[in-house]
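The chain below stands alone and is given as structure tokens, in the form predicted on its own.
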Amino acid sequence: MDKKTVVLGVIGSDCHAVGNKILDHSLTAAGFNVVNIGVLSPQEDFINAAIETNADAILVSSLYGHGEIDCRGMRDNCEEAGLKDILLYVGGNIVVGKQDWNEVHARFKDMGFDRVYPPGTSVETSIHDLREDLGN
């Protein structure tokens, strides 16, 4: 079984590093090849890392509430860069304030994200979904 490669990072002007490290450790322990681009990462860093490593998925984390702005156009940017089939996951506190989760989920799905996770989602859920989506 080939190890699947995932690019992991915290998008935009967000410097929350603890969750990123937990995800990195957990995904690595689950058998994924993790390319962690760290915090304060623009979309281009995720896309470039995915191209350089031939990644199977991009996992975007955001905790400071501006994920919706930071993630706009990401699917289009991936496709323009030749990443037509890459899985896009996003999770954390991805919008400002208390908003109806079903509406938030629908907005990110409309933006082209394959999986959208609310705050407090366990890493086991993401690992399960990655395995399911990647046939791993």
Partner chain sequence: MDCYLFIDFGSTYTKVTLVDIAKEEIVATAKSYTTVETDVTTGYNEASRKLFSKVGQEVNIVKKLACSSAAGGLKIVAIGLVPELTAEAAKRAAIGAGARVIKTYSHNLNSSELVEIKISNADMILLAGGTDGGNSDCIIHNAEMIAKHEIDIPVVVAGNKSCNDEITNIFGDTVEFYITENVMPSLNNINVVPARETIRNIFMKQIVHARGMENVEESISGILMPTPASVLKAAETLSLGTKDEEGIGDLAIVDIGGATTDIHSIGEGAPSKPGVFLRGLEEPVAKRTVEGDLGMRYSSTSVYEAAGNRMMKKYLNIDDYDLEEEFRKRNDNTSFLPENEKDIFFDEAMAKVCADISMKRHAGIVESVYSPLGTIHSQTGKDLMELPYIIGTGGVLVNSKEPANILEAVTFTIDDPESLKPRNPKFMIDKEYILSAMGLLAMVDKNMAVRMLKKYIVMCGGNTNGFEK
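Residue numbers count along the first chain shown, from 1. It should be emphasised that the depicted structure is a prediction, and the values quoted were computed from it without experimental measurement.
One more form of this protein, predicted together with its partner chain, exists but is not displayed; see below.
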property: 4.5 angstroms heavy atom contact with its partner chain in the predicted complex for I37; result: yes
property: Residue contact check: I51 to its partner chain in the predicted complex, 4.5 Å heavy atom; result: yes
property: Interface membership of E68, its partner chain in the predicted complex, 4.5 Å heavy atom rule; result: no
property: S13: touches its partner chain in the predicted complex, heavy atom cutoff 4.5 angstroms; result: yes
property: Partner-proximal stretch of 68-76, 104-112, 43-51, 87-95 relative to its partner chain in the predicted complex, 4.5 angstroms, heavy atom; result: 43-51
